[in-house]
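Here's a solo chain for you in structure tokens, the form predicted alone.
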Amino acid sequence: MAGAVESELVSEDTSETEAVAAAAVGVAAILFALSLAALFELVTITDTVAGIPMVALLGALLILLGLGVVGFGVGSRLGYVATNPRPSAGLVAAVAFSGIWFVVGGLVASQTLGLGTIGWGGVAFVTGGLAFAVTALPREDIGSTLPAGLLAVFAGAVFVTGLIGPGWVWDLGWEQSASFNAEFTIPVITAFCSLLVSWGAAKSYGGFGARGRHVGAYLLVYLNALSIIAVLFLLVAFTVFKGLPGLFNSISFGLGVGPETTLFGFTFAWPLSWPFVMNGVALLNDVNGVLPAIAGTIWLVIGAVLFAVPLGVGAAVFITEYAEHGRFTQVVEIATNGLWSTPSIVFGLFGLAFLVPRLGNGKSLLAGMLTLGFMLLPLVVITSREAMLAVPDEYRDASAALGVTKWQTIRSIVLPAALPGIVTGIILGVGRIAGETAPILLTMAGSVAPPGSQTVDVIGGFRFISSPPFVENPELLQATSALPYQLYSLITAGVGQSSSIANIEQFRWATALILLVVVLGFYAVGIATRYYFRRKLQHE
């Protein structure tokens, strides 16, 4: 009976402790998110929350979390909390904490106490050695919580006492006048300490031991994954926020307000006037736009895909299905991997030296298409080959057993099964080439200034002639613009500083937003295509 009562009490205490530890993990996660928001200036460190300065609030939360984590460890060691710790926190944790405290001790000794090289080096070694001993020698409950908690308490005390405040600047003393300011340092320190504290709290929640290690590792992985997603979201949101005013400048709806278009002999006016999307850059425009650059970007990507995909898939078919696996295929694999990692400027120089002289001896849309196609080609070969290798050999054996020829097997069995993987490679490649600037600058752009309002008409430019090759298209041999190059011109080359563009900063961000939309549009088309082939394969 006494044992049953004791088990019930221990269970209640344990559940309450787990709840407190879970709350500490949640607060640490919120603090981590708040530090990311401060790092991207969604909130500023000079703000106040309920009359409390932001820096002081961050410091107080770090102190509370640090003391809480230390309390979990001490309570476990004294037997107030039912846990199952290992004899030691492990060598990896000991080395990590010793490195962290080595840096902290060295910075405090050199920057705050003003000690020389020997002095701060000695202090750094002492603090690092103590952190190693505190982590490795005691039980896991002490070794996992005490170094992390004390670091959070120390950082919080620095913030609360004002040693690092909103006006703090650390001049590194370099010739380039490099320095760390408070807007960067405080969020980074807060995020780092909150990660360590959340790891210690998660291990406490799991009761240390194997379960505690798994919970702590999962928490770090989840927080890192969420931070990556948050950074991507913030980048997109920031671009959208800055670009929307310029994108929707002077937009209007109504009958006859848009440009006139002739289709099948009928002339009509669009019910939408969107100057930024429908105009080019010209002195007579009331509102300038990026229509020529949008058309150039789309045609660039289409041309590169039409050039690279058939060649890449065909090469992958030959290497995978026909060529004997040996030194030749190894050399091809090494070459394609090396070409995919080649910098884009090298492809641009190749296009300038090899393609431009052979295509009318001038920069042109066709030269840009082929250059970007050569950039895309290695990735198409790599992903297509990997997708075909992933098709089970049983499919090929079953087809051969039915008397089907090798080419019919490849066309009807292997390629349909590999199409989702092939499309994935094309999506990744398009995302890269659509935003490249160097190849466009060297092979396609006619001048630094973006062209006027005349867009390239590739389809309408084809006409038949009486001599080989019996068709020509002057539009392909003309220099045009593209969104990455136009954005480069606006930012780096100083184009648009004249009165032709009223608000140059707004125009830059709107151009960046349009480029982002175009690239995401290509991604959406590729993902929809992959989903279609995947569903078709599953149903068949």
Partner chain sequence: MTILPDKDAGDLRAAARREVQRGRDFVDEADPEALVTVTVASVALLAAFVGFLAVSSLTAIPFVVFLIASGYGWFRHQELTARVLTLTTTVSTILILGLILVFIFVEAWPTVEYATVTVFGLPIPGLRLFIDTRWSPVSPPIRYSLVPMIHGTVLVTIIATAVAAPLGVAAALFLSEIAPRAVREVVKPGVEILAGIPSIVYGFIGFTILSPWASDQFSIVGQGTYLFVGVVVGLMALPTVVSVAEDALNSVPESMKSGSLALGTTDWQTMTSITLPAAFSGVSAAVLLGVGRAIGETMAATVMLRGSPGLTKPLYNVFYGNDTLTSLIAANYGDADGLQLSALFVAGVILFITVLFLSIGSQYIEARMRKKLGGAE
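Numbering follows the first chain given and starts at 1. As the structure is a computational prediction, the values presented were derived from the model and not from experiment.
Just so it is clear, the following notes concern the form predicted together with its partner chain, a form of the same protein that is not shown.
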Students should find that, of 347, 72, 97, 299, the residue having a non-hydrogen atom no more than 4.5 angstroms from its partner chain in the model of the complex is 347
May I ask you to choose, among 184, 270, 80, 125, the residue with a heavy atom within 4.5 Å of its partner chain in the model of the complex?
184
Can you work out whether residue 20 and its partner chain are in contact in the model of the complex, taking contact to mean some heavy atom pair no more than 4.5 Å apart?
no
Give a yes/no on whether residue 221 approaches its partner chain to within 4.5 Å in the model of the complex, heavy atoms considered.
yes
Look up in the model of the complex whether residue 239 has a non-hydrogen atom within 4.5 angstroms of its partner chain, and give yes or no.
yes
At 4.5 Å between heavy atoms, is residue 59 in contact with its partner chain in the model of the complex?
no
Exactly one listed stretch (114-122, 325-333, 72-80, 144-152) reaches within 4.5 angstroms of its partner chain in the model of the complex by non-hydrogen atoms, and it is 325-333
What are the residues of 330-365, in order along the chain, with a heavy atom within 4.5 Å of its partner chain in the model of the complex?
331, 332, 333, 334, 335, 336, 337, 338, 339, 340, 341, 342, 343, 344, 345, 346, 347, 349, 350, 352, 353, 354, 355, 357, 358, 359, 363
